[in-house]
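The chain below stands alone and is given as structure tokens, in the form predicted on its own.
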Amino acid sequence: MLLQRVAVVGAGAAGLCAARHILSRVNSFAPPVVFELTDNIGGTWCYDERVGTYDNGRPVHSSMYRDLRTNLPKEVMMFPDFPFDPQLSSFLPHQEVQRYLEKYCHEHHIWPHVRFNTAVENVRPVVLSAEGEKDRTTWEVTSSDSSGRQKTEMFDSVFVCSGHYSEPHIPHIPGTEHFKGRVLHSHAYRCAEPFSGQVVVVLGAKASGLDISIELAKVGAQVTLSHAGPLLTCPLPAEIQQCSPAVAVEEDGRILFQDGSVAAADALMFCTGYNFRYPFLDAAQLGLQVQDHLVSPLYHYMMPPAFPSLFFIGICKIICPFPNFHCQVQFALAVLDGSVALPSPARMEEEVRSELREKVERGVQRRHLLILEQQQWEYCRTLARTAGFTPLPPVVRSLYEEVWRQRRVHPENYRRLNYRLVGDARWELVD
């Protein structure tokens, strides 16, 4: 039997996970080709002090800031088949996650299969028809190296693992051009010191907005945390005050909030998330719609029904990322090697549309349709059951939910705790 050739776009955690599992199935798959835009693995975990663009004019990919520590403990964050060093504390600086991914690469012999400084320019389906046989899709992948030399190759499948933390989403606020200070997105934030003693309005109170606000408060910035959600009830530093959403910037440069109050500030920082962007894909040709916060329809949040040998890995939000990639990749490979039979394209599309309809009817906003949150556990269980691989141990969910609870109560201090897994079902606090 001919081995299937797989292209993997991106050498961040999702791409490395795809490569590791492809390499372990030597009877079905040829070694993968992993296309990586930068000169290192790690994706968003690979810290770079630079912001804006690289020397080659391409935008800086990573959104990592200097002092970021993980908001999930390593016991939950790890790939289930590859634990972190047990000597490390539970909540890690980003450098330790990068080291972990490099170790993962060495352990699974992934390095030789990564083409660094290589951009994927175009991914195009080529449908092959033979009389009396079912149409077969292959994928034409055009890439360019650092000198601009282009190369086109054919693959049986493509895994899109290019992440979704590199294209800032900046909502329109009328009059922003009147603002006198610095306007930036958290994508371009690296450290707090330049904001010392300044007044900073931070837009958005999700993970990065809250974390960055606490960092800014520690260097003596006065922070207005502007967000649409209910007021956070957890203890916050005295330097942080909460406020309703910013609705405009007035002609004198002051910021107007929804409740009618106005404030002058030295900096306006958008912690407002990221857009999906796949410049190498023609969405219409694939039967997809790619919007800022939604890619649809994707069967099991992975495959365009019309082209189920193209897989988006890690597209869902508010998930336990590495375990989620681990499940998605194994499901995708089971589809490719024939051990999972898919419904017809029409049936897959109808399933996706009815699930999204049901979410909208429940009041979920369109931009939140890819948020899994509590659904993630049943989703991963379904993938494991269908594809016949070992499901995630229940301790992952149990500890994940405990840490979410701690984060809500102690956003400044929850990372001081350390945990240990005791088998598949239980965790304990470590002194």
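Start at 1 with the first residue shown and count on from there. The shown structure was predicted, so the numbers you read here are calculated from the model rather than taken from an experiment.
The discussion below concerns the form predicted in complex with a small molecule, not included here.
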Item to complete: Find the only residue in M77, L268, A192, M348 having a heavy atom within 4.5 Å of the small molecule in the predicted bound form.
Response: M77
Worksheet item: Looking in the predicted bound form, any heavy atom of F325 within 4.5 Å of the small molecule?
Response: yes
Worksheet item: Does at least one non-hydrogen atom of A18 fall within 4.5 angstroms of the small molecule in the predicted bound form?
Response: no
Worksheet item: Do S296 and the small molecule come within 4.5 Å of each other in the predicted bound form, heavy atoms counted?
Response: no
Discussion item. Against the small molecule in the predicted bound form, would V9 count as a contact residue? Criterion: heavy atoms within 4.5 Å.
Written reply: yes
Worksheet entry | Which of 362-370, 40-48, 382-390, 22-30 sits within 4.5 Å of the small molecule in the predicted bound form, heavy atom basis | 40-48
